[in-house]
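Let's start with one chain on its own, the form predicted alone, as structure tokens.
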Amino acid sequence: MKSTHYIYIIGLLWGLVSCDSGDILEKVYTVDEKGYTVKVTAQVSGLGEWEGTGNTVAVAGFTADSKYAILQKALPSSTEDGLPLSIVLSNLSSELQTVELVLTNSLRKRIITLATINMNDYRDNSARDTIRLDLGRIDVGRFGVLQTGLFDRACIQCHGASGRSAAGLNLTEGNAEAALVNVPSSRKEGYLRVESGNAEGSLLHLILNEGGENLLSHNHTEILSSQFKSNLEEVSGLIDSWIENLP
């Protein structure tokens, strides 16, 4: 959104001009009021895992209650693991509610969010300084997005690293994959927590889909629904895709 301000500069004429001419020079300057600028920096790994899938890791802007990005800039899939990367979105509209590091599909629909800037926190920033988000090292591969976007956000409160972790299941970073893949459930006999290549036979899939509320003492679908109000179906699909692609 731009507004134009008119600045009038009045100067006296010097040189060979008669003192009673009354000539006035008027100059008009146009000043653009620019929108917000967001800069996200990170050292990413795993981008190449999304090539050919139709999914994109991007920095994207969303309006309130929107599942679809109004605008987005993809992280280059050719980026080598561990190299510093910066993505800048400029002149952002005040209508945006959030700017997110997010996995989207081919229609720019949100699948899962990895990091969020709430633009309401910057509404009073009349100087429009650049809003910066440094994510450090982050894995954005298939399992990395589940770790950051799902386990860290909704699961480790119960399945953390302490000795009191529910079902003895540790879903913190660096532990989750080994605790899930081809590991027998300690709560449901005859089931693997995650069975490689078989999403529908995995307990993780079953407890997050219809009827799953009856399999264990806790209703995991209800827990996730409170965290993923607009994209629970997409998150569930992402879990299944990860399981199906396990060797």
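This one's a predicted model, so the numbers in the text were calculated from it and none came from an experiment. The first residue of the shown sequence is 1; numbering continues from there.
What comes next is about the form predicted together with heme C (HEC), which is not displayed.
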Query raised in the report: Between the options 159, 73, 109, 142, which residue brings a heavy atom to within 4.5 Å of heme C (HEC) in the model of the complex?
Result: 159
Requested in this report: Identify, from the list 186, 53, 41, 198, the residue with a heavy atom within 4.5 Å of heme C (HEC) in the model of the complex.
Outcome: 186
Report task. Spell out, yes or no, whether the shortest heavy atom distance between residue 119 and heme C (HEC) in the model of the complex is within 4.5 Å. Result -> no
Requested in this report: Flag residue 218 as yes or no: does it have a non-hydrogen atom within 4.5 angstroms of any non-hydrogen atom of heme C (HEC) in the model of the complex?
Outcome: yes
Query raised in the report: Going by a heavy atom distance of 4.5 Å, is residue 69 a contact of heme C (HEC) in the model of the complex?
Result: no
Query - Interface membership of residue 47, heme C (HEC) in the model of the complex, 4.5 Å heavy atom rule - result: no
**Report entry** All of 115, 131 and 135 within 4.5 Å of heme C (HEC) in the model of the complex, heavy atom check
**Finding:** no
**Report entry** Members of 156 to 172 lying within 4.5 angstroms of heme C (HEC), judged by heavy atom, in the model of the complex
**Finding:** 157, 158, 159, 166, 167, 169, 171
